[in-house]
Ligand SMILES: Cc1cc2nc3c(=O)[nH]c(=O)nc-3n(C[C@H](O)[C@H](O)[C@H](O)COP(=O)(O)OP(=O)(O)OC[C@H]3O[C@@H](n4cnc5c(N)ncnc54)[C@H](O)[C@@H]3O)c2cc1C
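This document starts with one chain, in the form predicted on its own, laid out as structure tokens.
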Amino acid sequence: MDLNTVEEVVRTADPAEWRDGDAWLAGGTVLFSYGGAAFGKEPLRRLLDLGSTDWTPLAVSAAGIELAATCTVAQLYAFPDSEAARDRAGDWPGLDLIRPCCDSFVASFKVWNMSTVGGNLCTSLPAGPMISLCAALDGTATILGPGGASRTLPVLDLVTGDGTNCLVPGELLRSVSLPASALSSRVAFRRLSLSHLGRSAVLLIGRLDADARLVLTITAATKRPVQLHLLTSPEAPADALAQALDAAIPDQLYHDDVHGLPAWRKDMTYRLAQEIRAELTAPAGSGPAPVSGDFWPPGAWPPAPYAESPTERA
């Protein structure tokens, strides 16, 4: 769409230059779809263009992975084929989540090459797959503010609701750090949509940490990410998972839109959570096929008409 109220485009990544009527411009896939209404304000007067930043899209170290906010979906999707990723593939099973989360955009190559990790987080929609990925891997967001200010917080706490987050005007998401401790865990992925190649209505990621604790992250079904830390010992009650979901997610927290009713999202959340628990508490290699670019392991739930197929990209 044409943003016909915009008077100036400023190439900057300095929060000190922010003023009322501004919007940060990264890939622009949401900004140019919804205009200033996407940010709860009209009209926009200036775009602060991050295209001139020299931020490294993706950096790997012993501590984990740092994703620049300007890293595109295409760059992230390509990472598992890189030498840096292959060198750590055996140590970081969590890398297997990258491609199914990217596939969850169900978007064309045009969007993949423009849409950014940071943009998806800051748009803060329930179905945002970069929210799912970063929250499930204990991502920490670094946020810049005017006057050289900087703060960090978990991605899990960054998104506060449907299209809302804790950023204040002028703040800029700089990067997200994914720690090696989370990347080193076994993982399981489940996603569900009501329509073929439709928007995510339920997206759950499970992680089995070194202490045998199950970390379950619920997104898309809920207005904001929800994470549970569960014991997996034989002494745990059989209904412990359902009880934990009951306590963590009140009915009003389930999202309600054309992509799925809250009651259906809740039912599927419980179903997929049990699948993930069964997969990750079974001996490695005995459960469903490893997470791949497909949305569903062979033979896994759901049956037709809810089954989702791999994304066909142009």
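From 1 onward, residues are counted along the sequence shown. Computed from a prediction, not measured in an experiment: that's the story for all the values here.
Although it is not shown, the form predicted in complex with the named molecule is what the next lines describe.
For the marked spot (65, 140 and 163), a heavy atom within 4.5 Å of the named molecule in the predicted complex is absent from each of the three residues.
With the named molecule omitted here, the record of contacts in the predicted complex names 166-174 of 81-89, 166-174, 204-212, 149-157, defined by a heavy atom within 4.5 Å. Only one of the listed residues (228, 194, 107, 183) places a non-hydrogen atom within 4.5 angstroms of the named molecule in the predicted complex, and that residue is 107. Using a 4.5 angstroms limit between non-hydrogen atoms, residue 120 touches the named molecule in the predicted complex. Shown alone here, residue 56 lies farther than 4.5 Å from the named molecule in the predicted complex, counting heavy atoms only. In the predicted complex, the named molecule stays beyond 4.5 Å of every heavy atom belonging to residue 262.
The closest heavy atom approach of residue 188 to the named molecule in the predicted complex falls outside 4.5 Å. Contacts between stretch 125-141 and the named molecule, counted in the predicted complex as any heavy atom lying within 4.5 Å, involve 125, 127, 128, 129, listed in sequence order.
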